[in-house]
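There is one chain below, alone, in structure tokens, taken in the form predicted on its own.
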């Protein structure tokens, strides 16, 4: 039997026996790596991490490649399962996010730096942390867990995952499939240990567990704050509200295609997705015409007002996004707006004032507000204001190199896309590599295997030099 056939047979047997809807409280019930309590999950992860460390880089490389192949082989089925459970996003993009995992870097990203001189040699390497505690979001449940697994296992770690409750079942299903295949092929105990059902209590236990030296949290502001309050090291992929600036030198057709591609991806659930657009007044009408030409559907002022009142509510002292609209299709938003929007439309757009709550809020819906501004200077000022200092992502469409340079410096974001969709920064429509944990508050950026290593130096005095 070929390796691919073996992988498929193991995965399909796990899925047949378990099904995505079953709740299991321990790995002893048949779902390898799925636990109802934190302590046994950590104990298993400690054991499997020791096995991984003893096996060397070749073992890590084989496991990472196996995980990628499983995700790709099951992308169609798992994408549908995740959509059915979470009820947010688009099936084609759920599938695409799983297929994109093949580009997540593995052991090839690790490197050793050597120092050689009259006094001997030194080697700087990235060492594993051990067991990493992970919090994953509902927006990309299987993809985030899997991308983290690829990076963390490549770096020599195991993981204990507290997924978002809204996507916990599909995360547990995928983890069980990975662990079963890894055990079958490499005889390693579960490396991806998932808590199911996850609770606030289990999240807190992961945060506080003495055998977990590193936390990785991917999610909204509350998750980011909780992780950053811990005394141990935390890598935090927090919120974003990416602005787009379009000036008079832009290629408007390319800008429109790019905004639609990025802003509509998984119904704008991506934290990097285009959330609000500031267009110089002298070319505003041209830009709106380019959006219509590219297939986006424009809402008028009355329709935008209706959608805004339905989708974003005032809650005591702040705006709160109506969860019933997060990640929903354009026809659902159109119905709320009183507009007849056909199924299959990628993106809604329309002109708003800066004061419209769709501008400052990370709304995660396939409606993008366009704000008319006096000139590039005002556009940049508003982009800085409404990015909120998250330091996440910003986008510009311009052929003025001085303005591109100035905005890149002024925004000081982790990702800065120029004349392309937001996804260009993750290798889709541009150069780079993908990851679903982009650590902006803590500064690590697009995570990769090196992100999850500890610096270690060996120095040999007076020996091993051959020159």
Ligand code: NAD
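Please read all numbers here as calculations on a predicted model, not as lab measurements. Residue numbers count along the first chain shown, from 1.
Keep in mind the form predicted in complex with the ligand is missing from the figure; the text below concerns it.
Engineer: Please determine whether residue 243 contacts the ligand in the model of the complex, using a 4.5 Å cut-off between heavy atoms.
Structural biologist: Contact check for residue 243: no, nothing within 4.5 Å of the ligand in the model of the complex.
Engineer: Just checking whether residue 237 would be counted as a contact of the ligand in the model of the complex - the rule being heavy atoms within 4.5 angstroms.
Structural biologist: Yes.
Engineer: Does the 4.5 Å heavy atom contact test between residue 223 and the ligand in the model of the complex come out positive?
Structural biologist: Result yes; residue 223 sits at the interface with the ligand in the model of the complex.
Engineer: So, residue 200 and the ligand: in the model of the complex, are they within 4.5 Å at any heavy atom pair?
Structural biologist: Although the ligand is absent here, residue 200 would touch it in the model of the complex, with heavy atoms inside 4.5 Å.
Engineer: In the model of the complex, does each of 137, 218 and 436 have a heavy atom within 4.5 Å of the ligand?
Structural biologist: Each of the three qualifies.
Engineer: Spot the stretch among 75-83, 361-369, 255-263, 282-290 with residues whose non-hydrogen atoms come within 4.5 Å of the ligand in the model of the complex.
Structural biologist: Only one stretch qualifies here: 361-369.
Engineer: Within 4.5 Å of the ligand in the model of the complex, heavy atoms considered, which of 163, 143, 133, 190?
Structural biologist: When the ligand is considered in the model of the complex, the option within 4.5 Å is 163.
Engineer: Considering the ligand in the model of the complex, which of 349, 376, 207, 325 comes within 4.5 Å of it through any heavy atom?
Structural biologist: Selected option: 207.
Engineer: Any residue of 387-401 with a heavy atom within 4.5 Å of the ligand in the model of the complex counts; write them all down in order.
Structural biologist: Sequence-ordered list has one entry, 392.
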